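Here's a solo chain for you in structure tokens, the form predicted on its own.
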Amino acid sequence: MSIKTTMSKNYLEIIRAGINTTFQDQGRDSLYHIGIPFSGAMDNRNYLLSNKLVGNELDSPVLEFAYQGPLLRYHGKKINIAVTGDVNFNIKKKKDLINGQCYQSYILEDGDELDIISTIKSVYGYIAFGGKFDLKYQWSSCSVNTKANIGSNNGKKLEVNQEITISNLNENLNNKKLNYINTKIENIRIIKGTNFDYFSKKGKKLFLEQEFNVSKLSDRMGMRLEGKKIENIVDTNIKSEGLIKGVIQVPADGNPIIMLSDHGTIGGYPKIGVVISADYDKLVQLGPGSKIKFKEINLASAESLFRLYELETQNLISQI
């Protein structure tokens, strides 16, 4: 990433970086064979909506944050911004303090501050700016994977006192708003994994009927769950195989781990299930202490639900 000099006209000054603030877009594909996962925005729908609200191309990079977000001071010409997710934030102007609303665009002027106080009942939120970040792309994406130091900003989170240049500001600063509320679903739907029959009848029953707790040991790489042990009757370790986003592995301790956007591309734990793509956005927004219950469906139903998810997302985009 390019660090701004004082001669640049439009830039963000990082006053507080937040807990985990990174650049994300739709990620990078076709690289599993060299050990590179997709990465990209955890909650794809909220990512797309943030870009649409400020008039960007839908695949433009945005800032993704978790829990507490950044405090940013803007310098330059007027620019429109939008925050999506379930987020508490405000905008500090010279004479006003605006309590921000998600899914609504705002205009920042020179010297204004954007304070992302926290997510509310979720994990991830998104900030889009109406313009183009000065970023270096790696494998056709700027998405940051901090575990592997891959992506723009040298593969790292934002840091205090960092400065980020924005160019090609959007000229249309008209206010845009979407009436949208993030909802939760009762169950996370899954299809059977390739090693489903490695587990005992009781283990399968527990997997599909008990409630799991989301552990504190969860991040962009994976979500660890806690509950009654899922019994393996074949082998708790297998020859390492390819993994995909959403696959659920069960290690020897019997507690499932769901692979998320920055997951490793191979693994040697048996795979009991895979979270369907249509439920992934809602899955990643479940913070530590949340309850998860799984519901098995077949592949045809999973495909139909994903088509419905895509149609709903496109409908929301068209309303902006």
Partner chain sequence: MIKNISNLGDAALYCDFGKDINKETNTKVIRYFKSIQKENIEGVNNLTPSYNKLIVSFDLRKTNFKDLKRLIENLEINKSDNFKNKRIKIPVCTDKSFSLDIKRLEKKLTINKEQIYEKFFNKEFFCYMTGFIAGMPFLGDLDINMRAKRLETPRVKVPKGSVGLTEQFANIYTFESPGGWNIIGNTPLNIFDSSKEKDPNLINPGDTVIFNKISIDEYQNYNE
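Numbering follows the first chain given and starts at 1. Just so it is clear, the model here is predicted, and its values are computed rather than measured.
The following text describes the form predicted in complex with its partner chain, which does not appear among the structures shown.
Colleague: At the 4.5 Å heavy atom threshold, is Glu312 in contact with its partner chain in the predicted complex?
Modeller: Although its partner chain is absent here, Glu312 would stay clear of it in the predicted complex, with no heavy atoms inside 4.5 Å.
Colleague: Looking in the predicted complex, any heavy atom of Leu31 within 4.5 Å of its partner chain?
Modeller: Yes - in the predicted complex, heavy atoms of Leu31 and its partner chain come within 4.5 Å of each other.
Colleague: With the partner left out here, check for me: in the predicted complex, does some heavy atom of Val274 sit within 4.5 Å of its partner chain?
Modeller: Val274: contacts its partner chain in the predicted complex.
Colleague: Any of the heavy atoms of Gly242 lying within 4.5 Å of its partner chain in the predicted complex?
Modeller: Contact with its partner chain, yes.
Colleague: Identify whether its partner chain in the predicted complex is within 4.5 Å of every residue in the set Ile36, Ala148 and Phe306, based on non-hydrogen atoms.
Modeller: Yes, the whole candidate spot contacts its partner chain.
Colleague: Given a 4.5 Å cut-off on heavy atoms, tell me which of 106-114, 155-163, 85-93, 186-194 is the interface stretch with its partner chain in the predicted complex.
Modeller: Among the listed stretches, the partner-contacting one is 186-194.
Colleague: Quick one: from Ser118, Ser215, Gln138, Asn232, grab the residue that has a heavy atom within 4.5 Å of its partner chain in the predicted complex.
Modeller: In short, Gln138.
Colleague: If the cut-off is 4.5 angstroms on heavy atoms, which of these, Ala128, Val247, Met223, Cys102, is the one near its partner chain in the predicted complex?
Modeller: Only one option qualifies, and that one is Val247.
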